[in-house]
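The chain below stands alone and is given as C-alpha coordinates, in the form predicted alone.
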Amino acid sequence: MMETRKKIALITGANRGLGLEIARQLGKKGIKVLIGARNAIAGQAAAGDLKAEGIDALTVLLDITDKNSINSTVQFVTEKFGYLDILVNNAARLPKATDEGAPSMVNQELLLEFLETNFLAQVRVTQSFLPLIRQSTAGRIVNMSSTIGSVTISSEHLHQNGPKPPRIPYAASKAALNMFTVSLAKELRQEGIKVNSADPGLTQTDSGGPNAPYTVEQGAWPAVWLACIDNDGPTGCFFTHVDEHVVNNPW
(Lines give C-alpha, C1' and ligand atoms only; values in the text may rest on other atoms or scores of the structure.)
Protein backbone atom coordinates (compact mmCIF):
# COMPACT_ATOMS: atom_id res chain seq x y z
CA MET A 1 0.00 0.00 0.00
CA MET A 2 1.37 3.41 -0.98
CA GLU A 3 1.88 6.02 1.73
CA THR A 4 0.09 9.39 1.76
CA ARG A 5 1.72 11.76 -0.71
CA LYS A 6 4.59 13.82 0.66
CA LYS A 7 7.54 15.38 -1.15
CA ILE A 8 10.27 12.72 -1.43
CA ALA A 9 13.97 13.08 -2.24
CA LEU A 10 16.48 10.36 -3.02
CA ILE A 11 20.11 11.25 -2.43
CA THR A 12 22.69 8.73 -3.63
CA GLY A 13 25.79 8.21 -1.50
CA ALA A 14 24.02 9.86 1.43
CA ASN A 15 25.34 7.90 4.38
CA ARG A 16 28.12 10.42 5.03
CA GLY A 17 29.73 13.69 4.04
CA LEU A 18 28.10 15.96 1.52
CA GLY A 19 25.29 13.54 0.67
CA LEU A 20 24.29 13.22 4.30
CA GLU A 21 24.29 17.00 4.74
CA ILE A 22 22.15 17.48 1.63
CA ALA A 23 19.72 14.95 3.08
CA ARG A 24 19.75 16.77 6.42
CA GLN A 25 19.00 20.15 4.90
CA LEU A 26 16.25 18.77 2.68
CA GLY A 27 14.80 16.88 5.63
CA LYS A 28 14.66 20.05 7.70
CA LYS A 29 12.44 21.49 4.98
CA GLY A 30 9.87 18.77 5.67
CA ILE A 31 10.92 16.54 2.78
CA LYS A 32 11.09 12.78 3.28
CA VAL A 33 14.66 11.77 2.46
CA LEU A 34 15.72 8.40 1.11
CA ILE A 35 19.31 7.71 2.13
CA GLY A 36 20.94 5.88 -0.76
CA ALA A 37 23.87 3.80 0.51
CA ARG A 38 25.88 0.78 -0.68
CA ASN A 39 26.37 -0.36 2.91
CA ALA A 40 23.14 -1.12 4.76
CA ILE A 41 24.64 -0.62 8.23
CA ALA A 42 26.15 2.75 7.31
CA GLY A 43 22.91 3.83 5.67
CA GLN A 44 20.81 2.83 8.65
CA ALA A 45 23.16 4.64 11.01
CA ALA A 46 22.89 7.82 8.92
CA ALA A 47 19.10 7.58 8.78
CA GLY A 48 19.05 7.02 12.54
CA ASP A 49 21.04 10.20 13.12
CA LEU A 50 18.63 12.17 10.96
CA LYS A 51 15.60 10.69 12.69
CA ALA A 52 17.08 11.79 16.01
CA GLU A 53 16.94 15.34 14.62
CA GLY A 54 13.27 14.95 13.78
CA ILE A 55 13.84 14.27 10.08
CA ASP A 56 11.75 11.76 8.14
CA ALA A 57 14.50 9.51 6.76
CA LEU A 58 14.58 6.04 5.26
CA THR A 59 17.53 3.97 4.08
CA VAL A 60 17.55 2.38 0.63
CA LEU A 61 20.29 -0.04 -0.36
CA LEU A 62 21.68 1.38 -3.58
CA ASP A 63 24.91 0.76 -5.44
CA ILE A 64 24.85 3.04 -8.48
CA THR A 65 27.34 0.82 -10.35
CA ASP A 66 25.08 -2.25 -10.00
CA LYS A 67 22.12 -2.45 -12.41
CA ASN A 68 20.34 -5.00 -10.22
CA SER A 69 20.71 -2.76 -7.19
CA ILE A 70 19.27 0.20 -9.11
CA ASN A 71 16.35 -1.87 -10.37
CA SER A 72 15.59 -3.16 -6.87
CA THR A 73 15.53 0.37 -5.47
CA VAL A 74 13.29 1.61 -8.28
CA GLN A 75 10.90 -1.27 -7.57
CA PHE A 76 10.91 -0.46 -3.84
CA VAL A 77 10.18 3.25 -4.36
CA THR A 78 7.53 2.44 -6.97
CA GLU A 79 5.68 0.02 -4.68
CA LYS A 80 5.98 2.13 -1.53
CA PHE A 81 5.39 5.62 -2.94
CA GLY A 82 4.69 5.55 -6.66
CA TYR A 83 6.58 8.77 -7.36
CA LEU A 84 9.83 10.64 -6.68
CA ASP A 85 10.08 14.43 -6.49
CA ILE A 86 13.83 14.96 -6.18
CA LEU A 87 16.85 12.96 -7.32
CA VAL A 88 20.28 14.13 -6.20
CA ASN A 89 23.04 12.22 -8.00
CA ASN A 90 25.69 12.61 -5.33
CA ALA A 91 27.50 9.24 -5.18
CA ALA A 92 30.74 9.39 -7.15
CA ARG A 93 34.32 8.19 -7.48
CA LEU A 94 36.46 10.96 -5.98
CA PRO A 95 40.02 11.75 -7.10
CA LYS A 96 43.12 10.78 -5.14
CA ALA A 97 46.69 11.98 -5.37
CA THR A 98 47.61 8.76 -7.18
CA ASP A 99 45.14 9.67 -9.95
CA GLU A 100 47.17 12.71 -10.98
CA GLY A 101 49.29 12.69 -14.08
CA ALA A 102 49.98 14.26 -17.43
CA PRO A 103 47.08 14.07 -19.93
CA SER A 104 49.39 12.46 -22.49
CA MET A 105 50.05 9.61 -20.04
CA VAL A 106 46.54 9.14 -18.65
CA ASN A 107 45.81 5.59 -17.57
CA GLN A 108 42.97 4.39 -19.79
CA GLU A 109 41.70 1.86 -17.27
CA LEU A 110 41.47 4.60 -14.65
CA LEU A 111 39.72 6.83 -17.15
CA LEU A 112 37.14 4.13 -17.85
CA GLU A 113 36.63 3.59 -14.12
CA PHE A 114 35.84 7.27 -13.55
CA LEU A 115 33.58 7.47 -16.58
CA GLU A 116 31.70 4.35 -15.48
CA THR A 117 31.02 5.63 -11.96
CA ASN A 118 30.75 9.38 -12.44
CA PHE A 119 28.99 9.45 -15.80
CA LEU A 120 27.51 6.19 -17.04
CA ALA A 121 26.18 5.18 -13.62
CA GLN A 122 24.64 8.65 -13.13
CA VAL A 123 22.90 8.37 -16.50
CA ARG A 124 21.69 4.87 -15.65
CA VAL A 125 20.30 5.95 -12.27
CA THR A 126 18.56 8.98 -13.76
CA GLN A 127 17.01 7.01 -16.60
CA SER A 128 15.81 4.34 -14.19
CA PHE A 129 14.12 6.78 -11.81
CA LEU A 130 12.76 9.10 -14.49
CA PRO A 131 9.36 7.34 -14.74
CA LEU A 132 8.90 7.98 -11.00
CA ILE A 133 10.05 11.61 -11.34
CA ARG A 134 7.50 12.06 -14.12
CA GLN A 135 4.83 11.21 -11.52
CA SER A 136 5.89 14.24 -9.45
CA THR A 137 4.16 17.59 -9.73
CA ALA A 138 7.56 19.33 -9.57
CA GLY A 139 10.34 16.92 -10.55
CA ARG A 140 13.89 18.05 -9.84
CA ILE A 141 17.18 16.37 -10.80
CA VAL A 142 20.44 17.65 -9.36
CA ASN A 143 23.77 16.31 -10.61
CA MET A 144 26.71 16.93 -8.29
CA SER A 145 29.55 18.26 -10.41
CA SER A 146 32.76 20.26 -9.92
CA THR A 147 34.60 23.29 -11.25
CA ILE A 148 37.23 20.76 -12.35
CA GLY A 149 34.66 19.60 -14.88
CA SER A 150 34.23 23.11 -16.30
CA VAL A 151 36.08 23.53 -19.58
CA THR A 152 35.85 27.32 -19.26
CA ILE A 153 37.34 27.41 -15.77
CA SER A 154 39.98 24.80 -16.53
CA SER A 155 41.14 26.85 -19.51
CA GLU A 156 41.77 29.90 -17.31
CA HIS A 157 45.50 29.81 -16.54
CA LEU A 158 45.19 31.75 -13.30
CA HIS A 159 42.27 29.77 -11.89
CA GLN A 160 42.84 28.02 -8.56
CA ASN A 161 42.85 24.63 -10.30
CA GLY A 162 45.48 25.78 -12.77
CA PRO A 163 48.61 25.00 -10.72
CA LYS A 164 47.24 21.65 -9.52
CA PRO A 165 48.37 18.41 -11.17
CA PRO A 166 45.93 17.35 -13.91
CA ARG A 167 43.18 14.97 -12.90
CA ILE A 168 41.91 14.13 -16.36
CA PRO A 169 39.82 11.05 -15.43
CA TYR A 170 37.82 12.94 -12.79
CA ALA A 171 37.59 16.12 -14.87
CA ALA A 172 36.42 14.26 -17.96
CA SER A 173 33.74 12.37 -16.02
CA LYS A 174 32.34 15.59 -14.56
CA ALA A 175 32.46 17.39 -17.91
CA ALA A 176 30.48 14.50 -19.41
CA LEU A 177 27.97 14.70 -16.56
CA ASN A 178 27.56 18.43 -17.22
CA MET A 179 26.75 17.70 -20.85
CA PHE A 180 24.14 15.18 -19.74
CA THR A 181 22.64 17.84 -17.47
CA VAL A 182 22.28 20.34 -20.31
CA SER A 183 20.91 17.82 -22.81
CA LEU A 184 18.42 16.25 -20.40
CA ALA A 185 17.22 19.66 -19.25
CA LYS A 186 16.34 20.57 -22.84
CA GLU A 187 14.49 17.28 -23.33
CA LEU A 188 12.45 17.56 -20.13
CA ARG A 189 11.78 21.31 -20.18
CA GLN A 190 8.25 20.96 -21.56
CA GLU A 191 7.41 18.45 -18.83
CA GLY A 192 8.32 20.90 -16.08
CA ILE A 193 11.16 18.71 -14.79
CA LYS A 194 14.22 20.81 -13.97
CA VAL A 195 17.73 19.41 -14.34
CA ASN A 196 20.79 21.27 -13.05
CA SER A 197 24.39 20.71 -11.97
CA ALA A 198 25.66 21.77 -8.54
CA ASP A 199 29.25 22.52 -7.55
CA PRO A 200 29.84 22.26 -3.78
CA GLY A 201 33.40 23.60 -3.95
CA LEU A 202 36.19 22.01 -1.94
CA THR A 203 34.44 21.00 1.28
CA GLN A 204 35.55 19.61 4.63
CA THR A 205 34.73 15.99 3.87
CA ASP A 206 36.90 12.87 3.95
CA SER A 207 38.00 13.77 0.44
CA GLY A 208 38.44 17.52 0.90
CA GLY A 209 40.08 17.28 4.31
CA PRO A 210 39.60 19.37 7.45
CA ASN A 211 41.38 22.40 5.99
CA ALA A 212 39.15 22.76 2.93
CA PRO A 213 37.72 26.27 2.51
CA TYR A 214 34.06 25.28 2.80
CA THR A 215 32.06 23.42 5.42
CA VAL A 216 29.75 20.62 4.34
CA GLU A 217 26.85 22.90 5.24
CA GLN A 218 28.07 25.45 2.71
CA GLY A 219 28.84 22.79 0.11
CA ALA A 220 25.28 21.48 0.30
CA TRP A 221 23.64 24.85 -0.40
CA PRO A 222 23.60 24.77 -4.24
CA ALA A 223 22.16 21.25 -4.39
CA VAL A 224 19.50 21.95 -1.78
CA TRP A 225 18.53 25.20 -3.48
CA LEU A 226 18.24 23.50 -6.88
CA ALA A 227 16.25 20.63 -5.39
CA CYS A 228 13.67 23.08 -4.07
CA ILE A 229 13.40 25.68 -6.83
CA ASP A 230 9.90 26.67 -7.90
CA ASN A 231 8.43 26.46 -11.38
CA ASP A 232 10.05 29.74 -12.39
CA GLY A 233 13.50 28.50 -11.42
CA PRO A 234 16.37 27.68 -13.79
CA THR A 235 17.02 24.48 -15.68
CA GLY A 236 20.06 23.31 -17.63
CA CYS A 237 22.37 25.46 -15.50
CA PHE A 238 25.46 25.04 -13.32
CA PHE A 239 25.54 26.63 -9.86
CA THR A 240 28.01 27.07 -7.02
CA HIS A 241 28.12 29.35 -3.96
CA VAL A 242 29.96 32.55 -3.10
CA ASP A 243 29.58 34.42 0.20
CA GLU A 244 26.42 32.55 1.17
CA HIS A 245 24.81 33.17 -2.23
CA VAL A 246 24.16 30.66 -4.99
CA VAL A 247 25.72 31.86 -8.25
CA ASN A 248 26.16 30.65 -11.82
CA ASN A 249 29.21 28.60 -12.74
CA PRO A 250 30.51 28.65 -16.33
CA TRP A 251 30.40 25.41 -18.29
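Computed from a predicted structure; not experimentally measured. Don't overthink the numbering: it's just position in the shown sequence, from 1.
Form predicted together with a small molecule: not shown, discussed below.
Heavy atoms, 4.5 Å, the small molecule in the predicted bound form: which of 102-110, 130-138, 86-94, 73-81 makes the cut? Say which one.
Contact-bearing stretch, as computed: 86-94.
Name the single residue among 51, 189, 38, 67 that comes within 4.5 Å of the small molecule in the predicted bound form, judging by heavy atoms.
Spelling it out, the residue with a heavy atom inside the cut-off is 38.
From the list 26, 57, 195, 62, which entry has a heavy atom within 4.5 Å of the small molecule in the predicted bound form?
Flagged contact: 62.
Taking the small molecule as it sits in the predicted bound form, is residue 46 near enough to touch it, meaning that at least one heavy atom pair lies within 4.5 angstroms?
Residue 46: no contact with the small molecule in the predicted bound form.
I'd like to know if residue 236 sits close to the small molecule in the predicted bound form, meaning any non-hydrogen atom pair within 4.5 angstroms.
Looking in the predicted bound form, residue contacts with the small molecule do not include residue 236, since no heavy atom lies within 4.5 Å.
Looking in the predicted bound form, any heavy atom of residue 218 within 4.5 Å of the small molecule?
No - in the predicted bound form, heavy atoms of residue 218 and the small molecule never come within 4.5 Å of each other.
Indicate whether residue 119 is a 4.5 Å heavy atom neighbour of the small molecule in the predicted bound form.
Although the small molecule is absent here, residue 119 would stay clear of it in the predicted bound form, with no heavy atoms inside 4.5 Å.
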